[in-house]
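Encoded as C-alpha cells, the following chain is the form predicted on its own, with no partner shown.
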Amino acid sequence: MTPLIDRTVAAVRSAISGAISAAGWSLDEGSIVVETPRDPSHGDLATTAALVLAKEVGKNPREIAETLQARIGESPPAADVAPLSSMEIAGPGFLNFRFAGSWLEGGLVETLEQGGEYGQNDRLAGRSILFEFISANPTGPLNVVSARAAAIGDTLAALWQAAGARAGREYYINDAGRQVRLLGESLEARVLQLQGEEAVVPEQGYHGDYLVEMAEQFLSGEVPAWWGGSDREKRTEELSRWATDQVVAVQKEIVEIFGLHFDTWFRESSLHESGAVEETLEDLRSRGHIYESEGAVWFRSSDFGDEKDRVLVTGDGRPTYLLPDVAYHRDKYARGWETLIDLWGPDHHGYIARMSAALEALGHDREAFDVMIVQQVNLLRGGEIVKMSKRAGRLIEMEELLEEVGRDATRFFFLMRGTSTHLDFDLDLAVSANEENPVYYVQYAHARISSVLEHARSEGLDPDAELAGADLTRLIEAEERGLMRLLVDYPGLVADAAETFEPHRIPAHLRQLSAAFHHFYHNHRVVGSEPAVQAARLALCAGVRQVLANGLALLGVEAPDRM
C-alpha cells in the first residue's frame, strides 16, 4: 500500500516537472523537493524548485515560481489524488500547495477502511535488513542500556516490516571468550564457598549477588559428575558452559516480559565449532589482506579507512575478539541478509571502523553495514541519579526497571529520544498517572475515545452504522482538519522513521495527535451534536483511535480501552 501522502507528493512532483518542461527549463524530477511545511499555515505541501532553478535559468526565484504556478494551473495534479484548492508563492520563491477538503477526508476513509493495517506501506518492499541488538555478554543480568537497545532495535524492525521489508531481530551470544571463562571461575569460587571451602572470586571476575544465587541453584539439583572429578580444567570449562546457559535462559525470560521476540539467538561457539572462524581468516588471506608480523596474524585494516592494522590471531595462536566477530557478520550475509544494522553501546564506538574495514575487505558494500550507538541512560529518582556499578553488584537491572515502571512506560520512555542522545529516565514521572507522563497521556487519549464510542452505544447509537453513513464534509472546524491531517501523515511517517532509523518520530507523532485530540474533545461535543455532525465526529474519533492503536503497537505498547 502506498501512503496517500506519498501518492500526493509524487503527483505534485510530476506536475512541477511538467511545468518546468513546459517552460523550456530542465530539472531532474528526482531532484524536485516536495515536503510538508513546518508551519501548517504555509499550506499542505511546498517546493523549493524555483530556488533550485534560479541559477540555471538566470531569473529571480519568485518570477520562476510565478511561471510554475501558471503552468501547474493549466495541468494540475490528478484530482483523484491531490485535488488542489490553491497555490501560493511565499518568501524568496517557495511555492505552497493547498488541497481541497476531500483530500483529508480521503485520508480518514483510508484510516477506517484499512484499520489495523493503516500505516503499513510498500516503500521498502524487496529490501532485507537484520537488526542485531542487546548482545550483552552472557555473564550477568541485562542492564538499563540493554533495555534501551531492546526497545529501539525491536521498534526499528517493526518499522521496517511495516514499510514492506523483510526485517530480522538477532541476539549474538558471546559464549566463547575470556569473559565466559571468568564467569565460570567466579561461579566456581561461589560454589566452593557454599561447600565450606576457601575460595576467592578472581579480581577481574564477577562479584554480583546473582552468582551466589546461581551457585545455590547449581548445588540444589543433581550435581554433575565432572564437578567432583580431578580434572580442574574440565570442571571450570563445564561450569562456564552451565553458567552461560543459565544466564541466557534468564535473559530470554526478561526479553519476553519486555514483549520482544528474537528470531535468532546466535552463539559465537557455533562459529568455532563449524570452522567459520578459520574460513573467514582464509577468505581474508586469499584476498591479500593478511600478513604476519612478530608472530601474530594481522589484517590490513588501514587499507580500508581504519586508523591502523589489527591483530586477528595472537602469537600464541588465539583469535582476538575481532576475528570471530567478522566471521559472525560474514555469516549474516551468507544467510541472505542485504543490510546489517548493529546497535552497540557507547564504549564500542572505536570498534566500528575495524569492523567496517573487514566487511569491505570481504567484498561487501560499506553502505550495507552500519552501527547505531545507543547512548548511556541515567535513571533519576527524586531528581537524583540512581548509581549503578556492575562489578560491585549494585547494578540497576532491566528486570528491576520493568518491575518498577512496567513495560509500556519503559519502552515509550526509551523511544522518545534520538538513539544517539543521552537519556535521563525519570522514574517518578514514568509511574505517575497524570498528563505529565507522556505514555499515560497517549494511552489516555485512546481510552478516552473508547469511552466516547461506548457512550454512543449507551445512547442507543450504532457507531459502525454511524461511520458507514458519515458525511465527512461536515468536519469543517480547524481542530477537525488538523486531526485529519495528522492521520494522513501517519503512514508516510512510518516509512520515514524506518528509512532514517529514527523510531522517536513515532512517539512524537502520537503525542502530537493525542494533544490535538484532547484539545478537540474539550472544545467540541461529539455525542449529542447535530446528527450529521455527530456521525462525522464519531468517524473522526474512530480514525484517531485507530492510528493511536497502530502507532502504540509499533512501539510494543498497550492501547488500553479503560484507564
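Each residue number is its position in the shown sequence, starting from 1. Basically, rigid core = biggest C-alpha set you can superpose within 1.5 Å across the two forms. Note that this is a predicted model, so its numbers are computed, not measured.
Heads up, the form predicted together with the RNA isn't pictured, but that's what we're talking about next.
- Contact with the RNA in the predicted complex, judged by any heavy atom within 4.5 Å, is made by just one of Phe94, Trp227, Phe266, Trp337: Phe94.
- Proximity to the RNA in the predicted complex, defined as a heavy atom within 4.5 Å, singles out one entry of Arg474, Arg71, Arg417, His364, which is Arg417.
- Of the heavy atoms in Glu307, some are within 4.5 Å of the RNA in the predicted complex.
- At the 4.5 Å threshold, heavy atoms of Asp39 reach the RNA in the predicted complex.
- The RNA is not shown here, and in the predicted complex it never comes within 4.5 Å of any heavy atom of Lys59.
- Taking the partner from the other structure, the RNA in the predicted complex has a heavy atom within 4.5 Å of a heavy atom of Val33.
- Listed stretches are 174-182, 212-220, 250-258, 281-289; the contact stretch with the RNA in the predicted complex is 174-182, by a heavy atom cutoff of 4.5 Å.
- Contacts between 273-295 and the RNA, taken as any heavy atom within 4.5 Å in the predicted complex, involve Ser293, Glu294.
- The Cα shift for Gly93 between the shown form and the other one, taken after rigid core superposition, is 2 angstroms or larger.
- Comparing the forms between the shown form and the other one on their rigid core, the Cα displacement of Glu56 reaches 2 Å or more.
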